[in-house]
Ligand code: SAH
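Below you'll find only one chain, the form predicted alone, shown as structure tokens.
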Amino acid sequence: MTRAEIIRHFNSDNSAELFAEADRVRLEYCGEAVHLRGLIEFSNVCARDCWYCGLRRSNRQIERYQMAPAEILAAARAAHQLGYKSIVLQSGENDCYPLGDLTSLIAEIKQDTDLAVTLSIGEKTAAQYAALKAAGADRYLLRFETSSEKIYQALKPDSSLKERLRCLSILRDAGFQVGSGIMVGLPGQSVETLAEDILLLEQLDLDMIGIGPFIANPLTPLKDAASGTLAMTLKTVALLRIITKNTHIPATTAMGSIDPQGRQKALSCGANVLMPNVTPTRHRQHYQLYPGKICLNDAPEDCLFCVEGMARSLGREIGKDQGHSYKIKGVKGAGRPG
């Protein structure tokens, strides 16, 4: 799909055909399974000062927390007992945990369970990535949010888009299944820059792509900015499904936070992953990148019951395996390209 075609879809008032085609491509290349990734948000301490994020370093109005490795391990074991095959360990970008603590934690999780482990803990050195992979981590999620250098520098003043993309390359070389993603509706974003985002995501040939709407946070400098819309976010999901074919694409919590049916709508136009929260309930209210986040008071078993019912209400089945990348030779999947 060309840049002009992507822009035409963004500008169209009728998305029905686009969504139907995305759902058809999802079925052909990924099948009916909805893969679950249990999300453990183990620390909200962050050294970055991104203008859109509630965890930003300069936000003095949130209570910071760090789960001890033993508590993280207990949460992973609990997720496994609930039947999860995959978890995501996510935190703010920080150096609060010695590398040895993280590698020991990952090794214990892999020893005790058959969970696939995704890390979402920010930029690290090549040596650190290699150590985390050697400990048993399977996947790494590192979103770049926008491919526009101008927008990136305005919203992430203490970060570098070039370095972010370099880290994605290092992660691939280290043997990780690699995920990244963008936000839709960022201040300064246009359909033209969003089209460039999609083309870069295609070029990166990722194993997973996370798409979410920008939601203005009152505790950030962007508190008065207009938030992104679900309509544009769903178009982005659909376009990426059609273009990338077999990449895992989650129906993100942010979509469900701006529309009660947001995740269901995403599953109907290309998404094939859900990421229910399995963080201990007492910590959830302190991990709010944006306001209005859903499921803050739910127990892990409640979130699981909810997403299972959501998938089945759409006639979909819950994935019974670890949901590894369809791009890996030998992984079960319908009609993988190449």
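Just so it is clear, the model here is predicted, and its values are computed rather than measured. The first residue of the sequence shown is number 1, and the count goes up from there.
Beyond what is shown, the protein has a form predicted together with this ligand; the following relates to that form.
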> Contact between S120 and this ligand in the predicted complex at 4.5 Å, heavy atoms?
Replying inline: yes
> in the predicted complex, does D207 have a heavy atom within 4.5 Å of this ligand?
Replying inline: no
> Within a 4.5 Å heavy atom cut-off, is D197 in contact with this ligand in the predicted complex?
Replying inline: no
>> Considering non-hydrogen atoms and a 4.5 Å limit, does this ligand approach S159 in the predicted complex?
In response: no
> Which pick from L73, C167, I215, L115 sits with a heavy atom within 4.5 Å of this ligand in the predicted complex?
Replying inline: I215
> Heavy atom within 4.5 Å of this ligand in the predicted complex: which of V307, I294, L289, I40?
Replying inline: L289
> Want to guess which of 50-58, 308-316, 30-38, 266-274 is within 4.5 Å of this ligand in the predicted complex, heavy atoms only?
Replying inline: 50-58
> So which residues in 84-118, when you check this ligand in the predicted complex, have a heavy atom no farther than 4.5 Å from it?
Replying inline: Q90, S91, G92, E93
